[in-house]
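To begin, one chain is listed below as structure tokens, in the form predicted on its own.
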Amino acid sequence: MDEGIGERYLRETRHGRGHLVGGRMDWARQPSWFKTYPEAPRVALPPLTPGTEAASAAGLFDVLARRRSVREYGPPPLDLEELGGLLWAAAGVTARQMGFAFRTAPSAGGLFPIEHYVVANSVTDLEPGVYHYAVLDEALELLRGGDHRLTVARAALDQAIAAEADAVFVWTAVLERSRWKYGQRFARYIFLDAGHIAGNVALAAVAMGLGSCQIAAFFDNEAAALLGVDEDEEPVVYMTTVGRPAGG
């Protein structure tokens, strides 16, 4: 069998005894742990109110049993509290120790290379637009206002589901955060990290009476252009659509 880029990637990032892919970490060149947009208008996200959200009544194993990919959405739209709950499931800070901010989803080396963006199509009390999630502040930073349903659907390999959903989560990977420690083996880890996060969102959606569908098929350059990121250093790696399941 001829070796393709996938096989080459796996072969060239193998660990072996006496040979670990990566190198010594240069602490003077450590990349920033967090990305923010200081000039962007911010929307503080309300905390989930204990006892009132559907999540409080949903057990983990029940949620696991009920999780399905939901591709048809209906009214009413998401509200800001629900969106905030989903973002907390994706990247909520659960503990702070020795300068580290541990989160709801695991990350290789505790480096958290994944950045969180949301295309808000229809969310109560939130202007439609493209947002970045500021993890430490639990706030949304508005990058581009306006209706981007058609643009995100086109970027998602022309899948109408991205236009019909109330919100589309778009995840990127800041490559240097992981590459700084792991060298070329970083590529194995960023996709695992994104998968952990998307899994959290999918389960949280079920617990809150919402539906989600994960999307790995997208036009990379169009998705990066929508967010305004450098696709070579911060490529889009995953998407998830979220909304209220059609028919309740």
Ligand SMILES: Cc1cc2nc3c(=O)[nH]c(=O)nc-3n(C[C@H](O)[C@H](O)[C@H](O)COP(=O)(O)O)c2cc1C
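Note that the structure is a prediction, hence the values are computed from the model and not measured. The first residue of the shown sequence is 1; numbering continues from there.
As for the form predicted together with this ligand, it is not shown, yet the points below apply to it.
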This ligand in the predicted bound form: contacting segment from 38-46, 24-32, 185-193, 214-222, heavy atom within 4.5 Å: 214-222
159, 122, 107, 104 - the one with a heavy atom within 4.5 Å of this ligand in the predicted bound form: 159
Single option in 71, 116, 148, 154 placed near this ligand in the predicted bound form, where near means a heavy atom within 4.5 Å: 71
